[in-house]
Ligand SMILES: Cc1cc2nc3c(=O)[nH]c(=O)nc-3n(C[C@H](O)[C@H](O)[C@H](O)COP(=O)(O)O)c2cc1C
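Here we start with a single chain on its own, the form predicted alone, put down as structure tokens.
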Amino acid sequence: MDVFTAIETRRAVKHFEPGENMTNEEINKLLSATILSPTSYNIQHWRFVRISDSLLREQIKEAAWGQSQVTDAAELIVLCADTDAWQTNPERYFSETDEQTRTTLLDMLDSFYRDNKQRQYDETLRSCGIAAQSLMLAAKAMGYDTCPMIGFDQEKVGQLIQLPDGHIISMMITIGKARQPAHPRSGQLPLAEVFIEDRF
């Protein structure tokens, strides 16, 4: 499937065929593509928590106000981010560069993020958003449907997955085979309304 077809046909599917499974090979292929997504200073903030324990899925479903897709979908990914990634062994983000480039980038990285909690937080969400779209398009290209979810108790889900300090939950993504198609698009704004050139 070409990328434009994947973009056009990707929809937020709410009802999945229960009992479908993705193989470990498919999950590895999907996430190996997803982690090629860009991040500021190559920090790679994202952490992908695959929920495979059925009891845990049921508990997360309860925290998501009973949405059946949490347990019916083949896969449930809790997409998290490490807000401290900018200062956690940052040398590894530039391990393939020469020493001068690495030193320059490390200095730039530190000055950009240090003492700026808002920027650290905002950047994790930007990175997760980009990664989420990569994941959903890659899944579509592999023949799977997805749904990004923010409708859940983040604090409760964080407790259930034992979210470490310095981490946040960006969203959850369900992946599987659609039991019924998504509703028709409900009101796409025209390009002319959202595309601005030079100034508002």
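As the structure is a computational prediction, the values presented were derived from the model and not from experiment. From 1 onward, residues are counted along the sequence shown.
Missing here is the form predicted together with the named molecule; even so, the following discussion is about that form.
- Contact with the named molecule in the predicted complex, defined as any heavy atom within 4.5 Å, is confined among 27-35, 144-152, 53-61, 157-165 to 144-152.
- Contact between Ala12 and the named molecule in the predicted complex is found at the 4.5 Å heavy atom cutoff.
- In the predicted complex, the named molecule sits within 4.5 Å of a heavy atom belonging to Gln69.
- Counting a residue when any of its non-hydrogen atoms is within 4.5 Å of the named molecule in the predicted complex, the one hit in 178-200 is Arg185.
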